[in-house]
Ligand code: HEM
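Encoded as structure tokens, the following chain is the form predicted alone, with no partner shown.
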Amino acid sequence: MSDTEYPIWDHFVRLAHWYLPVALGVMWWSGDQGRMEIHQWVGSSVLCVVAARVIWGFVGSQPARLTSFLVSPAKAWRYLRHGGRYAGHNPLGGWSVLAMWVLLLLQGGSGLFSRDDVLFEGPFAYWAGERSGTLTEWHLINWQLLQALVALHLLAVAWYQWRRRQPLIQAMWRGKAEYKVAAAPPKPMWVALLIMVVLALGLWGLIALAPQAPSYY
């Protein structure tokens, strides 16, 4: 048995993790400023990155897999009562990660079908038909939920980082820190990037095939 310590978070996990807050900031700014072309491109990139990260949760490095950090509600409750240290996500953190993925996928997906009849019409809005209005409303509601979850995530990180003295930020930046290490080498990053490229090409193909709303001018 090797005593070599490997990164708990591989390169793709870290790249995806740090890209998302930047992308969310750009989407917030572009939506507020009416820069909808930028908003759509960045939103589509978030959709591909998160979808790739979900797939990586099944085929990627062992610590990045869902089976490594998703536990039963009973175990999560036990952790809430008694605490503990984990190399990867703790039980509550694992469920919060899953919730973040769900909201991000819903945000990106609903944006593709939404329209505001003034500045923006998503590439799949014509496919959605009358349901486009409902999806637009959900896009706005989901954004509020996403902001609340991001704020909760930041508070939790601050608590564990500075109150509980757990090196969450260092591990997510460098891959490993103190006890946050893995026993097995990570999967190569090119595999994850290939998954993301395939997803991006698939989304681009669907957008290219999507019918446009008829013009009345």
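Numbers for residues come from their place in the sequence shown, where the first is 1. Because the structure is predicted, anything quoted here is derived from the model rather than measured.
Keep in mind the form predicted in complex with the ligand is missing from the figure; the text below concerns it.
In the model of the complex, the ligand stays beyond 4.5 Å of every heavy atom belonging to residue 62. Put simply, residue 175 is far from the ligand in the model of the complex: not one heavy atom of it is within 4.5 Å.
Taking non-hydrogen atoms only, residue 205 never approaches the ligand to within 4.5 angstroms in the model of the complex. Although the partner is absent from this view, residue 120 contacts the ligand in the model of the complex, with a non-hydrogen atom inside 4.5 angstroms.
Contact annotation: of the candidates 51, 70, 168, 181, the single residue with a non-hydrogen atom within 4.5 angstroms of the ligand in the model of the complex is 168.
With the partner removed from view, the residue among 79, 126, 95, 143 that has a non-hydrogen atom within 4.5 Å of the ligand in the model of the complex turns out to be 143. Contact check at 4.5 Å (heavy atoms) against the ligand in the model of the complex: none of 35, 193 and 201 pass.
For the stretch 31 to 45, the set of residues having any non-hydrogen atom within 4.5 angstroms of the ligand in the model of the complex comprises 31, 32, 36, 39, 40, 43, 44, in sequence order.
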